[in-house]
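What follows is one chain in structure tokens, specifically the form predicted alone.
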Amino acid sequence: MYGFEALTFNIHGGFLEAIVRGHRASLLTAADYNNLCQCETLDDIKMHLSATEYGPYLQNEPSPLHTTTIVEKCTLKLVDEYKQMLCQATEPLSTFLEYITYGHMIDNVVLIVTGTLHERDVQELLEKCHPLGMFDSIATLAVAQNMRELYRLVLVDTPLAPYFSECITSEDLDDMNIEIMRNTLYKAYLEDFYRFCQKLGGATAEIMSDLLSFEADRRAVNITINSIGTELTRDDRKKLYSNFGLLYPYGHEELAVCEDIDQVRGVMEKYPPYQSIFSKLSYGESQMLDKAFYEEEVKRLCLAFEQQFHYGVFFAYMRLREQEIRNLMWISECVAQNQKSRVHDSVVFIF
């Protein structure tokens, strides 16, 4: 049920909603992507991007360019825009914007812990962390030997602390445990974000519940496919699924017992919104599944801008910009490695 958000929304949220809609207008179009796909070198890509809002961030970079530099500078633009919006936001929008970064925090924690396990240099790992997911004590993650220490020494003072209650064990950290930790944290985070959006009510609750449900369902499918052939039991697999979404609860029951990609496909085709995703794939094929999910997500994120007076546009814009950076990374890698025939394989057009 809609409230009277149209009456009061603009008092605190109107200016920032206008700003984020302005940012959305600067996203790269299909024509931009077609031009980028024709580029022969990374300097050509830089030249084309100089006419977009990425121009000021790339203009002082010397040749020869590297893919990592392009991605880094494009991410810096996203971080600057995010910080600008966060500075001007009031409650509850400021909390909503902070929630958007918790996913990056989880990824950064997992990156550092995994890297330390494989004896990588901490400084090198910190450079690979996403700037939106940084927090003060992140460098000290390297000292932890198990989940309990990880929580007690570092994460107890971060926003992720409440999500750790389900995965504190004294088991030593290994690749399997770290992956389970990542998915358990993501599950707790998505459920918490979902509850927060429901509490906000109105159009924000309606639009965000659709976007977060899609995210939860996509994670359930990925967990299922990635755990096929591992020692993860059916019950353990089911514990990693979020307790909301279109697949909850009956789809989760069926996914928990799937033993190959075609069984997953059989479960997902019972749900009309996901039929179109799986109809693009041939049987036994999972490589293109990520792209199909990204395309569906982009479609849903663009629809969030069709309504006004809600916070979903901030989430949608951040996700669309992150997708754009993934596209630029793929195009740059293909150009750098002389694989231009594959350049369209992973590019997801936004408009």
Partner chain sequence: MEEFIGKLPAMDLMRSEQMTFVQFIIPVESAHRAVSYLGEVGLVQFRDLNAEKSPFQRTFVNQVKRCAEMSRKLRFFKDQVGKAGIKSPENPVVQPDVVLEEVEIQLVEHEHELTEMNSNSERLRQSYNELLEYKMVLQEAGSFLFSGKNHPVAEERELDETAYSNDYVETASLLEKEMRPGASEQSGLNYVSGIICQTKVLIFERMLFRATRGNMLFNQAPANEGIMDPVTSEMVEKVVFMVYFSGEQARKKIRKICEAFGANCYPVPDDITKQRQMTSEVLSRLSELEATLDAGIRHRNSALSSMSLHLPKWTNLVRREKAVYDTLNMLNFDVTKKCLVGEGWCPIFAKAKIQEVLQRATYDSNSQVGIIFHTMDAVESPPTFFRMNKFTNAYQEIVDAYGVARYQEANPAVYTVVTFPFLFAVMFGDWGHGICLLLGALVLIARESKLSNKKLGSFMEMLFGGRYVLLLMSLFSIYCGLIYNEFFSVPFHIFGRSAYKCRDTTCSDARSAGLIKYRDPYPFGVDPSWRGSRSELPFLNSLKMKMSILLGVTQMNLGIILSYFNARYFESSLDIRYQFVPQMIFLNSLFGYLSLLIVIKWCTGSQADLYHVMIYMFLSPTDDLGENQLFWGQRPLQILLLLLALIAVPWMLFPKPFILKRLHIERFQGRTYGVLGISEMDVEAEPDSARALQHHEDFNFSEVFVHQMIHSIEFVLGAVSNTASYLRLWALSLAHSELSTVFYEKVLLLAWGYDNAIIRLVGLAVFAFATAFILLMMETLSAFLHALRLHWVEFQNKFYHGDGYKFKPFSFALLNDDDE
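Numbering follows the first chain given and starts at 1. Because the structure is predicted, anything quoted here is derived from the model rather than measured.
Keep in mind that the form predicted in complex with the partner chain is missing from the display, and what follows is about it.
- Among heavy atoms of M47, some come within 4.5 Å of the partner chain in the predicted bound form.
- Although the partner is absent here, D157 sits close enough that one of its heavy atoms falls within 4.5 Å of the partner chain in the predicted bound form.
- Contact check for A142: a heavy atom falls within 4.5 Å of the partner chain in the predicted bound form.
- In the predicted bound form, the partner chain lies within 4.5 Å of some heavy atom of D43.
- Interface residue among T230, S137, T95, Q275, judged by heavy atoms within 4.5 Å of the partner chain in the predicted bound form: S137.
- This chain lacks the partner; the member of K239, K128, K280, R152 within 4.5 angstroms of the partner chain in the predicted bound form by a non-hydrogen atom is R152.
- Comment: 56-64 is the region of 319-327, 22-30, 56-64, 299-307 lying near the partner chain in the predicted bound form, near meaning a non-hydrogen atom within 4.5 Å.
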